[in-house]
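Form predicted on its own, single chain, as structure tokens, below.
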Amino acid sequence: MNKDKIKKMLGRSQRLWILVVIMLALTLLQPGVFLTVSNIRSILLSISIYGIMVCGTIFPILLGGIDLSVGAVAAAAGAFAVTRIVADDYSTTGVIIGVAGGLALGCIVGLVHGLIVTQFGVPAFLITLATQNIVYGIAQILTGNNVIPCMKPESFAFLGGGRLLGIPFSIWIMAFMAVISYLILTRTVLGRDVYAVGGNPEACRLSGVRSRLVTIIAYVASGFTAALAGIVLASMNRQAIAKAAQGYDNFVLTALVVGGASLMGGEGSVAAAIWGAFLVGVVQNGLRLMGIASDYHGIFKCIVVVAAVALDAHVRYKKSGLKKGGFFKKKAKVS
């Protein structure tokens, strides 16, 4: 194999090599501890909630928008499900109504976002930031700002604590949502329209693409997956609290950016976003295993994130064939 072929192979799989290098380093630092089946399962379990969210939040990101309310929607949906189950004396009917109602709440919030963004031209950053506080307020009202325990029934507890074929069920949910999201974005007209609108909205409008409908569906998808993640989180914790998913929106955006999604829209994939979530999960897990104080986790995580994004961007830039000028290069003298 010649040098050019090796370069092409590395260029096509740079994200995989980044992950391999980091995992190899952690394996050497923690031999017999990090690279074990139980620890990898633990990492996947820890990122399953974020991973579920990523599968829907990528839709508005691909449009050049953003959804900062996913953590709040998750908290409110989980709170609604748990309070409904408790009110119905932990019955199966209560589980069905609670889960369905929580998912509907997420879809309604997403619908509101989509309508306001498309009909009134309000920036997505502004409206989702505002609704973040509103939805957290709804979660506080639902819980009375208290911890609401929910240790039963088993049908609800299975969502976040059950196992299927030895694998936590929340990981199966993440994988299922990732496949559905992947198929929508790569195999349907809606998916092609999402990428097209994100890449050039004006051209799409002139060509007859229903950009407003695409945008509304994108925000509904984001609200749905956020609500699903919140319900799974409530099941996992066996309780509901108003601030259950606070800060999760930052992790979701980090996973998307690390995975190569452009905040300008039109570029990104579900597979890469899940990779980004797994990479950050690996870093956090490695720091915990090495006994590094949690105060420093954010610093190390951000260093790895910046390095991974910079390397990925550098490789993609070289593949584009563009010539990059150096900042410190001397300007040619004009004779």
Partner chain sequence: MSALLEMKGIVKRFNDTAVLRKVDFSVEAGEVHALMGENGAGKSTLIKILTGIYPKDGGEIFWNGQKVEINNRNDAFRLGISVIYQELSLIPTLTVMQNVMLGREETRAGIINAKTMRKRVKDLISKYGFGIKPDATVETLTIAQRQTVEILKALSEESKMIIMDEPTASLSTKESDALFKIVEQLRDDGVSVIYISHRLEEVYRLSDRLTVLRDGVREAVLTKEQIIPADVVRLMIGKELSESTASQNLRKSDAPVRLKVENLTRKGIFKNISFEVHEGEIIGVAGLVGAGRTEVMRCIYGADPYDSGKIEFEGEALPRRIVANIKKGFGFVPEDRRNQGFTPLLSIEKNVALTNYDTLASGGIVKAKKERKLGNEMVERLNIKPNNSQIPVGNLSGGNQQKAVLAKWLSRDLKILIIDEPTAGIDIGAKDEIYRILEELAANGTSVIMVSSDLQELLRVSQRIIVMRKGEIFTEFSDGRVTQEDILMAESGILTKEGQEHE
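Numbering follows the first chain given and starts at 1. Just so we're clear, the structure is a prediction, and the values are computed from it rather than from any experiment.
Not pictured, yet referred to below: the form predicted together with the partner chain.
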Thinking of the partner chain in the predicted complex, which stretch from 172-180, 126-134, 201-209, 242-250 has heavy atoms inside 4.5 Å of it? 201-209
Contact residue in the predicted complex, from 93, 188, 119, 145 (heavy atom within 4.5 Å of the partner chain): 188
Taking heavy atoms only, is residue 195 within 4.5 angstroms of the partner chain in the predicted complex? yes
Using a 4.5 Å heavy atom cut-off, state whether residue 265 contacts the partner chain in the predicted complex. yes
